[in-house]
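Here's a solo chain for you in structure tokens, the form predicted alone.
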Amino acid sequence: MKIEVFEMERWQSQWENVVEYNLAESGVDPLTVEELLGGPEAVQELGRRQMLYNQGNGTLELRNLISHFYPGATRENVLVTHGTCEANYLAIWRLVEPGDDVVVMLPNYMQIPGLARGFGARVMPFRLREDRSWAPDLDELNRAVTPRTKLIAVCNPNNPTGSVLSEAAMDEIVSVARRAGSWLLADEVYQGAERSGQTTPSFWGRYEKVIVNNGLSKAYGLPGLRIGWTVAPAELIFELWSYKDYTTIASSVLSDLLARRALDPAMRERIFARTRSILQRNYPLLEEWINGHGADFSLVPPAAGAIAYLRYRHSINSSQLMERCIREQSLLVVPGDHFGMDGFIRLNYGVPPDHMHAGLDRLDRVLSTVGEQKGVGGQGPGFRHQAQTG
């Protein structure tokens, strides 16, 4: 097995703790331990915990809490993982064999297509269409899915576009999966980070072969805990636990404890309210900045997530533009190249307003030197990795 470079993760891990301004994240400004626990006394109590090995599949208490958010699920349907990334990895490792077809929503967080190719699968795309406000091309999905399709993978709410599938689109995706007998893997890590305040419905319970992956990194503002989970049929969960024995074995006992605090229903609602208030406060600031640039940018307003996927019309490759931002302005932004698309950038607007303004000012300084020629960003989505994705 040979794994291709995960361009975005390598980009972020290389630069996010080096640059002065980071607009490359996709979550909101993280909570502190004290904010989560409610005060210094609770933090001191945490400090008296023994650093034991934690239960491999997650404590009973944590799995019970997670299961309550998925009607009909019990703790036997839940596996706690090291972030949503491990949840995705375990599912692909268990399900995908050489020669399988895997159909993936694009654009997307590129972990799943990269892993599927690494495990010997043929990756087939179905695309979200910018001209349809990033709604999916369901005709393309129907053409892509065949009896050879082992897995259909979606991300809802979507990274990088911030779009949310309609109920009708969700029903059609489930119908296509059922027709082919395919597994349906739904990455739902941005659920709870909706600007409208209306939580995105889950795929859980719509089909007997659904796998739902989620975690605390995005909507909860707790990426440092590295807590994610898989919700799936109990038989598959038991198998995935065996695969986890070969990876991280168990999450941190402190992370499990803090995750239980975050997932207490009342605290969960307070955290989601905080996240949404940040997005509602900051999005108009970003929108004002975009509008101030006339036709240089276009944006389908994101429904969820602290991310905006901007089409730009400057005549420079997105990776080259973002490399200049790092080199010249100590600013990190994600290039569209990392989603297989040029002419786009993904901006984070979940940071404090002063940090966002300063970062956008630095982006302006780079753009002011690009030149007046337009065109590269306006020539259509042009998925750069088409040759790899079928």
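Sequential numbering from 1, following the sequence displayed. Since this is a predicted model, take the numbers as computed values, not measurements.
Although it is not shown, the form predicted together with a small molecule is what the next lines describe.
Under a 4.5 angstroms non-hydrogen atom cutoff, the small molecule in the model of the complex lacks residue 193 among its neighbouring residues. At the 4.5 Å threshold, heavy atoms of residue 161 stay clear of the small molecule in the model of the complex, well away from it. In the model of the complex, no heavy atom of residue 114 sits within 4.5 Å of the small molecule. Within this chain, residue 26 lines the site of the small molecule in the model of the complex, having a heavy atom no more than 4.5 Å away. The chain is drawn here without the small molecule; in the model of the complex, the stretch among 84-92, 98-106, 248-256, 193-201 whose residues come within 4.5 Å of it by any heavy atom is 84-92. Among the residues 306, 173, 165, 155, the one placing a heavy atom within 4.5 Å of the small molecule in the model of the complex is 155. Site annotation in the model of the complex: the residue of 313, 261, 226, 122 reaching within 4.5 Å of the small molecule with a heavy atom is 226.
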